[in-house]
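The chain below stands alone and is given as structure tokens, in the form predicted on its own.
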Amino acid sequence: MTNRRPITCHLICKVIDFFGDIGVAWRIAKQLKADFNVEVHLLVDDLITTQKLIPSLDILLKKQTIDGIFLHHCDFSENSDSLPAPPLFVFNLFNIDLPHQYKSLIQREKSRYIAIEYLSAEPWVDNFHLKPSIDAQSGLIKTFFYPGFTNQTGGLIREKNLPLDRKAFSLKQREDVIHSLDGDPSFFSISLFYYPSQKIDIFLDLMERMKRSIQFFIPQYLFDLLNIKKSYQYIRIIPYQFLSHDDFDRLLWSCDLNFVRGEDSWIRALWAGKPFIWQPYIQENNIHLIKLKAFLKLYCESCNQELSDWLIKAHEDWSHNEFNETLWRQFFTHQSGLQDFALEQSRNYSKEASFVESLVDYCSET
């Protein structure tokens, strides 16, 4: 849709776990502003965590503007009155509970209230996307907006220029990224971003037995938890400090294999066009494994049987904290095919409308 009307929105983000929530919020906010010139008011409850992602943020200010985006420090507790009056559009990221007063203002101002949900490849998502729901207590009507992998959903978060930027990423730029992190561009490069419950020391021992020159890039705080007391002959472990969104993307583009987790890094790995292993956010009763199975079924649908079998087994083992040496020796045998498939899937998904584009189009039509 080309003739979109101007949009002003609240994007509400409660920082719950690590940087996943605010990471997704900041990507959406940036794209709303940069690609669609939406006036974005990002409402957050934790400025200290947010500052790690946005270093120029002043944690002492209740309201400030960064990159053309208005940031508000808010309290989302039930009786809070700290939220500014809502504009025409309210985007509630991950459908958190909102203060009573704010919900009343949404009703009074007749704002369009959209609940942005978590990403899942489960089939039911197609049926719930754009469906309305009524809050039993307030009578407030909200519309569910689901990101997803099919054209029956809102799509995936993807900046307008991302495919071209990745395609233009040169060998020289890769070398510069690797060097900037004190790595060696001649080594096989693996980015390890995982949950602390992973037994990474066992995996590293396994990879040492491959007798290959491999370097692992690990976030500093995860490296500190490893407490490695041994030395390796073949592999190198390189901790890195917190990276901006753009720098993290370039790290994924520079590596030959990426381990990712949660939601934000998962999709950035897909856009990187490199083989990746995704670990979903760990939930009770192994609900996360249902999400993993649904994604792999969809993602591997067009993959040949041999590569599909490897991808499914590797993902399942990783989420079960299991490490099969034979499986990982097979990776290097299948590496070229896995690389071609990852790049092909990245291109395929980039043909669909992006999540933010779908969101803006929906708002322009309502």
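Predicted model, so just to flag it, every value in this text is computed and none were measured. The first residue of the shown sequence is 1; numbering continues from there.
Here the subject shifts to the form predicted together with 2'-deoxy-thymidine-beta-L-rhamnose (TRH), a form of this protein not shown in this document.
Contact with 2'-deoxy-thymidine-beta-L-rhamnose (TRH) in the predicted complex, defined as a heavy atom within 4.5 Å, holds for exactly one of 274, 261, 142, 250, namely 261. The partner is absent here; in the predicted complex, the one residue of 295, 193, 113, 102 having a heavy atom within 4.5 Å of 2'-deoxy-thymidine-beta-L-rhamnose (TRH) is 193. Contact annotation: residue 240 falls within 4.5 Å of 2'-deoxy-thymidine-beta-L-rhamnose (TRH) in the predicted complex, judged by heavy atom distances.
When 2'-deoxy-thymidine-beta-L-rhamnose (TRH) is considered in the predicted complex, residue 198 lies well away from it, no heavy atom lying within 4.5 Å. The closest non-hydrogen atom of residue 53 lies within 4.5 Å of 2'-deoxy-thymidine-beta-L-rhamnose (TRH) in the predicted complex. 2'-deoxy-thymidine-beta-L-rhamnose (TRH) is not shown here, and in the predicted complex it never comes within 4.5 Å of any heavy atom of residue 185. Within 4.5 Å of 2'-deoxy-thymidine-beta-L-rhamnose (TRH) in the predicted complex, a heavy atom is found for all three of 20, 245 and 281. You can rule out all but one of 153 to 161, 263 to 271, 171 to 179, 75 to 83: in the predicted complex, only 263 to 271 has residues with a heavy atom within 4.5 Å of 2'-deoxy-thymidine-beta-L-rhamnose (TRH).
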